[in-house]
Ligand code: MF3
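Have a look below at one chain only, the form predicted alone, in structure tokens format.
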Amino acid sequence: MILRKSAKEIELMAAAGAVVASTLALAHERLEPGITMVELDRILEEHIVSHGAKPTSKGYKGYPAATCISPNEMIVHGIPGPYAAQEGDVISVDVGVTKDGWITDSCATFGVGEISTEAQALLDACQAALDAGIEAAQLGAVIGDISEAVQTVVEGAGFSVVRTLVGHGVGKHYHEDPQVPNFVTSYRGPELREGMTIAIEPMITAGGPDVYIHDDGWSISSEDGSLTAHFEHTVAITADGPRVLTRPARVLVP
């Protein structure tokens, strides 16, 4: 069942989204060579809590950390641990925030210091795919239009779309209907109607599309060890076009 939100509820989600956006900005600032993933997670959790919110991931289905931090070939759900960032790494930081009962979800992949030309091209393609997916999220379109827009950009740049992971609805719950694939299938999905809120999240690799799950049951990496990228925004479908709820709405001070 798709849960459509009122204008007031979308504003509440946008307030949560502002915390998400500032958390990702802080992650970008702190991601320097030498910082461990567990220390970065601690810093980000403190920031979220300081703004009257809570990290949605912590405790979700037993997940042990506040954020998901996934270096290099790891694409999603990386549990922050002792790994220390190194010059040239690409690291995805996925943040969900609950504020006043409403959830928003966003991710960005950051380069640490100077990264390779291939890595930068991968990040640029993933960001462009997210932008294309958001642009396709127009009133009266269908989910499959988003899927097609994302896949066209990614494969046009010579990269692969992960097939086993998809975007999703979000709001009162972390994962709601509908699913939002990043690739075209026979599933075209429902029509986009005013008040729908969805997380659009291209997940791509520099190699093949196949992935594997680590022994921790959470972390997912490219099967061939190729670099990965993951960008995500929570988007509301409105009469005025798609509204990104996880961009900064105002300045948030620590």
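One-based numbering along the sequence shown. Since this is a predicted model, take the numbers as computed values, not measurements.
Not on display, but discussed next: the form predicted in complex with the ligand.
- The candidate spot formed by Tyr63, Asp94 and Asp105 is fully in contact with the ligand in the model of the complex: every one of the three has a heavy atom within 4.5 Å.
- Segments offered: 171-179, 82-90, 134-142, 111-119. Contacting the ligand in the model of the complex at heavy atom distances within 4.5 Å is 171-179.
- This chain is drawn without the ligand; in the model of the complex, the residue among Ser70, Ser57, Thr197, Ser222 with a heavy atom within 4.5 Å of it is Ser57.
- Under a 4.5 angstroms non-hydrogen atom cutoff, the ligand in the model of the complex has His77 among its neighbouring residues.
- Shown alone here, Asp41 lies farther than 4.5 Å from the ligand in the model of the complex, counting heavy atoms only.
- Taking the ligand as it sits in the model of the complex, the stretch 208-244 comes within 4.5 angstroms of it through a non-hydrogen atom at Trp218, Glu232.
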